[in-house]
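Single chain ahead, written as structure tokens, the form predicted alone.
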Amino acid sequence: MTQKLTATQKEYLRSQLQYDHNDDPPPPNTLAVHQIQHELIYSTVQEFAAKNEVHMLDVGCGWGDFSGKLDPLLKSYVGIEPSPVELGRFMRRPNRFLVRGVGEYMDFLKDNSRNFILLNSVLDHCFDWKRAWNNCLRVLAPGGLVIISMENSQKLIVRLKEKLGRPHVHEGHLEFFGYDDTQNFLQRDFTIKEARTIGFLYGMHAVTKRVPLPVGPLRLANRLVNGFFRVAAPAGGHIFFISAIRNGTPKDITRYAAPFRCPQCHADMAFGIQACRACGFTLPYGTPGYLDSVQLNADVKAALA
């Protein structure tokens, strides 16, 4: 990647490269909504796995708490995460490969080498979401599944603030995506399987920061409210969930088993091999055994300075 980052992008990227989820634990209602979100993801992957071997790319994989639940459904897994703190907590498993990096830079993966990509609260955290998305299009094979889920710019509270002339600050993000806009940009290359929004109990996020209510009852309350508003205001939930299948038929599924390549010459290169046999390019690996692609990119690396 050769793009020059702005000061805002650099500061934001710096926070991602040092992220620790323990610094800001979510309140109980947020946990309840996330659990419902994760259930939607799991059931979608389970359905896809009934007909396909699943070779997953998990952009923004964090510390692996959720991907571990998907593990029985997966044939192979590549997780990308900018924070070494989070990667250091990841439970290691056979045929599971970890990369320290960002979605904007994925030259170490072959074209059409994954048939499932999860973008769970990712595109709105990218410093260049279009570049990250184009990388996903390059890596995801025809017939592959993509799941995009994140905070929704069309949620009811934002619409209310707009009508009242009050600004809405999307804290901690560089972009803000809407339920309808995201479906529109997917429709050129994908067939949408499912689209919905969840999380209509907006005030409960703030309330449960102060009053630690149990997650179980909050999850039930969210389900009931989601059911009502799915009819009354289907696009207005706090989080949207969209699953879609890329148009076309996969041509070379052998790429799934060996998805890595040399970032410089694009020759096949197995994970863990430090020097490309074709061009001599050297790949750095972190102590816990992850590929450190941050060290390959001057602009991303400069954000740490």
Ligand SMILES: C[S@@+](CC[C@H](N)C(=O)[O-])C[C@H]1O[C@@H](n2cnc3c(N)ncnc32)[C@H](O)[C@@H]1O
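Note that residue numbering begins at 1 and tracks the sequence as displayed. As the structure is a computational prediction, the values presented were derived from the model and not from experiment.
The discussion below concerns the form predicted in complex with this ligand, not included here.
Contact here is defined as any heavy atom lying within 4.5 Å of this ligand in the model of the complex, and by that definition each of Ser83, Val122 and His125 is a contact residue. Partner contact region in the model of the complex: 97 to 105, out of 97 to 105, 212 to 220, 183 to 191, 197 to 205, criterion any non-hydrogen atom within 4.5 Å of this ligand. Of the residues given (Gly68, Pro263, Pro27, Gly62), Gly62 alone sits with a heavy atom within 4.5 Å of this ligand in the model of the complex. A residue is said to contact a partner when one of its heavy atoms sits within 4.5 Å of a partner heavy atom; Phe281 fails this definition for this ligand in the model of the complex, lying far away.
Mapping the unseen interface onto this chain, Gln16 counts among the residues with a heavy atom inside 4.5 Å of this ligand in the model of the complex.
Contacts with this ligand in the model of the complex, taken as any heavy atom within 4.5 Å, map to no residue of 223 to 260.
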